[in-house]
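Okay, here we've got a single chain as structure tokens, the form predicted on its own, with questions on binding and movement later.
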Amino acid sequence: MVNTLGRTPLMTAHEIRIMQRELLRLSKNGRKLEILEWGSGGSTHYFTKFLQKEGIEYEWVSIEYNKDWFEKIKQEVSLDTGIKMYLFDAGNGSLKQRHTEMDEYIQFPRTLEKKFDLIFVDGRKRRRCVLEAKSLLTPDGVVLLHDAQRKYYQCVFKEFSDSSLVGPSLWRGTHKSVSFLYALWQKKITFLFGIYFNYFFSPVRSLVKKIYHIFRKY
């Protein structure tokens, strides 16, 4: 089947469906959706096309740190007036990005003086971005963190009352009040996803990569 929604995000089909469901849920309030993402890419292209297809009005704020990648994505979405892209160039070397504070990149959304219905964290400094997202959400808004199976991200999960892994590598957080029993259930689901990723999904993926590289030589 031809993908009519453009560049596909580097997410599983399950993760894509979850994000689509959240966008549809949030659109029921009838007003324009305000979306923020740290880390431009396939998500910028794909989910804005999805919103257009569903007839949902939006403003999509995308913040990127890699200049080359920024220019590529900006060109691809240049005809979409609902997308606002901002570059905070940290240098394209991965080590430089890791050892730079990148305060402007993280704190820029607060200067827009608005709240966001959905915040997607998929760039650099993800723990700090999730913490920053706390004060940027609308009352019924949601934060989604990609690659959430990485343990060094998970210390920030407790900052949200409604917090759980909704897939092997996708975390969802809101400010919604939840019961004690439901919170325990969320922790159980998060624990089970952690076991699945660390003891099944990740080793299998590593094995597939090794086999791929072996056959690639021939």
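If you're wondering where the values come from, they're calculated on a predicted model, not measured in any experiment. The first residue of the sequence shown is number 1, and the count goes up from there.
Keep in mind that the form predicted in complex with a small molecule is not shown, yet the notes after this line are about it.
Practice problem: Please state whether every one of the three residues F116, T138 and D162 places a non-hydrogen atom within 4.5 angstroms of the small molecule in the predicted complex. | Solution: No.
Quiz item: L10 near the small molecule in the predicted complex, any heavy atom under 4.5 Å?
Solution: Yes, L10 is a contact residue.
Exercise. May I ask you to state whether F50 is within 4.5 Å of the small molecule in the predicted complex, using heavy atom distances?
Key: F50: no, not in contact with the small molecule in the predicted complex.
Quiz item: Can any non-hydrogen atom of K125 be found within 4.5 angstroms of the small molecule in the predicted complex?
Solution: K125: no contact with the small molecule in the predicted complex.
Quiz item: If you check in the predicted complex, is G41 within 4.5 Å of the small molecule, heavy atoms only?
Solution: The answer is yes: G41 has a heavy atom within 4.5 Å of the small molecule.
Quiz item: in the predicted complex, which of the stretches 57-65, 153-161, 167-175, 27-35 has residues with heavy atoms within 4.5 Å of the small molecule?
Solution: Result for this chain: 57-65.
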